Structures are given as C-alpha cells and as structure tokens.
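In structure tokens, one chain follows: the form predicted on its own.
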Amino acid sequence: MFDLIIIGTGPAGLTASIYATCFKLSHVVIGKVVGGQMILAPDILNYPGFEQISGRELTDRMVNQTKKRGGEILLESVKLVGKTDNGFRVVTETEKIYEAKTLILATGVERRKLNIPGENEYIGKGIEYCASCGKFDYAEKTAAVIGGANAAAQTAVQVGHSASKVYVVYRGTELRCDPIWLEQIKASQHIEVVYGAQVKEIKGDGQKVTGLQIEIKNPQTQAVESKELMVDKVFIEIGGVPGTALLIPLGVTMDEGGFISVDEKLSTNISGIYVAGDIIGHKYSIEQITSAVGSGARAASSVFSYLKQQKAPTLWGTSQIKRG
C-alpha cells in the first residue's frame, strides 16, 4: 500500500514525484511514454533556467532528477482504476496491481494529428504543435496554421506578426474562434484563410518542410480543386484529447471537453484523487510545461496535507528535505 500513485510520466507527473519524495511519501509513477508531449518539442525557449533546450533533453533531466530523489518510474499503460476500502487500486496492461491511499492523475493531453503522409517525417523539421513553446524562426517566412478554433486563430495572429505570409487552412466555412481573434485575422495583411480545405500531404526535401498539398471544395458547386501551398512552417492546431477516461467510472466531475474540474488544491470531487497538468480544467491550466510542473508540485503538496492533516513543509535545499 503506497501513500500515492501518480499516473502519468510527463512534466506534471515527474514533478509530483520529486516533491512526493521530498515529502517522504511512498509512491510510484506509472506511465506509458516518459516525457509525454514534451518529448516531441524540438526546441523549448520559455522554460525558466534554459535559454534553449530540446524536449528530449528536458525530459531526460527531469527523469534523472526524479530517480535521483528516489522516485520509481514504471513504464506501463494503466487500464483500470478502482476504489477500495482503504484507497485506490490501479491495474496495468500487464495485469500488475498497485494500491495507494491517494492518486494524482497527470496523463496530459494528446495532440490530435492529421495522420497524413509527411506528418511524422517532418515533426521538428518544420512541423510544430505549439507555436509559443519553440523557436520564433518564422520571421519573413511563409507558414501554415491548420485548424479553425481559438488555438489556431491565436497561433495565426502570433506568427503573423513576423512571418511574411500565414495561411490558415480550415475545412469549415467560417472560423470557430472568439470574435477578438477573428477581428485581428481580418485586419492582418499577412494572414489568408483558406476555407473548405483538407490537407492531404505535407511535403519536404528530406530535411525540412517545403509545402502542403491541399484539396479545396467549392461550397456552391462541390467541385474539388487540388492545390499546393509553398510553406516553410506548419503549425497543427486541431485540438487535443485529455487522458481522463480512467476516472470516468469513479464519477469524477469533468467539463464538456473531458477536462477535470478541481478546486484550488487541485482536488477532484472524489476524496483522495488529485489532478496535475494539462488535463485540469482551463481555469487552472494554460497547457504549458511551466504550468504543468507547478500543478505537479501543488498536487503533491495537497496529497501530503490530506494524508498528514498538516500543511506541507516548504522545501528548498537538502537541509529542509532531510528534516522532512
């Protein structure tokens, strides 16, 4: 019986483990992909302490720190979470069973992919899923933003400030973003929206992205036109799927998008279950690595307070950690 089981091996889960170890909570971290979506980022420029670092290197540093502090990481998929008399039971795909008094769910959000030719080949070579995380290397270049909701609109506006041309490629007939973003897109001389468009292929020269092959359907005639857009960067902003399905059987409250509702302690409506990272309702998360690690630390602190019925200690250096 552990004090805590952390489900998720991204930045939120790893941070929760680091803090749980410092709080001397017996725990285990379980997840299928170490680093989560962070590992896909070729360049991260907005993580404090690093002017520039790749997602893989930042992942390796977090994993090493987690293990050095004493955290145990199990790379397995969790298939079932259930309630017991004393807490919770977690069952993995290999039928291993773990029990704990509390849970932190930090399974993150899996970015939706287009699943078209060229996408996997050019991730990090011109294709990105987060414009605000990586290099701002699109100045005077041509970019394409795929999607039609707020994330796509915000990305188009951001990129449009320095890119020479930005195509917003959207399959619908009008953007689904907030009016403020639509106004900025219409006011920009650098942004062009291509409606009724389906991306069929992302093209490149083997080293970097060079263009998009799209099909445009005329809404009046239904005629389909094939066209190639020459672009240097592609931002795929078609949303994400929160990894919250494990908690549905327990009756955890979620919003319409599947994100989990929490209070200021990151506690759910089920006593003993806490949440960290991008699966938190948007009131408390901005889907950034920094907010993920912050919520991981806060969730571990809340678990300590829940189990010990006292405020979690402030941890800075080895002297405080040793005193517990």
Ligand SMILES: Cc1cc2nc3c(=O)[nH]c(=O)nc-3n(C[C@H](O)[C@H](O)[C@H](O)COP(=O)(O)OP(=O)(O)OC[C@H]3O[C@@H](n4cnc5c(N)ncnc54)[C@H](O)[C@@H]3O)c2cc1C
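One-based numbering along the sequence shown. Fair warning: this is a prediction, and the values are worked out from it, not measured in the lab.
The form predicted together with this ligand is left out here; the points below concern that form.
Ok, 43, 57, 263, 255: which has a heavy atom sitting within 4.5 Å of this ligand in the model of the complex?
Result of the distance check: 43.
Taking 30, 77 and 106 as a possible spot, do all three reach this ligand in the model of the complex with a heavy atom inside 4.5 Å?
Yes: each residue has a heavy atom within 4.5 Å of the partner.
Is residue 216 near this ligand? Define near as a heavy atom within 4.5 Å, in the model of the complex.
Looking in the model of the complex, residue contacts with this ligand do not include residue 216, since no heavy atom lies within 4.5 Å.
Hey, in the model of the complex, is residue 288 touching this ligand, heavy atoms inside 4.5 Å?
Flag for residue 288 set to yes.
Can you tell me whether residue 165 touches this ligand? I mean in the model of the complex, with a 4.5 angstroms heavy atom cut-off.
Because no heavy atom of residue 165 falls inside 4.5 Å of this ligand in the model of the complex, the answer is no.
So in the model of the complex, does residue 88 come within 4.5 Å of this ligand, heavy atom to heavy atom?
Heavy-atom contact with this ligand at 4.5 Å: absent for residue 88.
In sequence order, which positions of 224-246 have a non-hydrogen atom within 4.5 Å of this ligand in the model of the complex?
Sequence-ordered list has one entry, 246.
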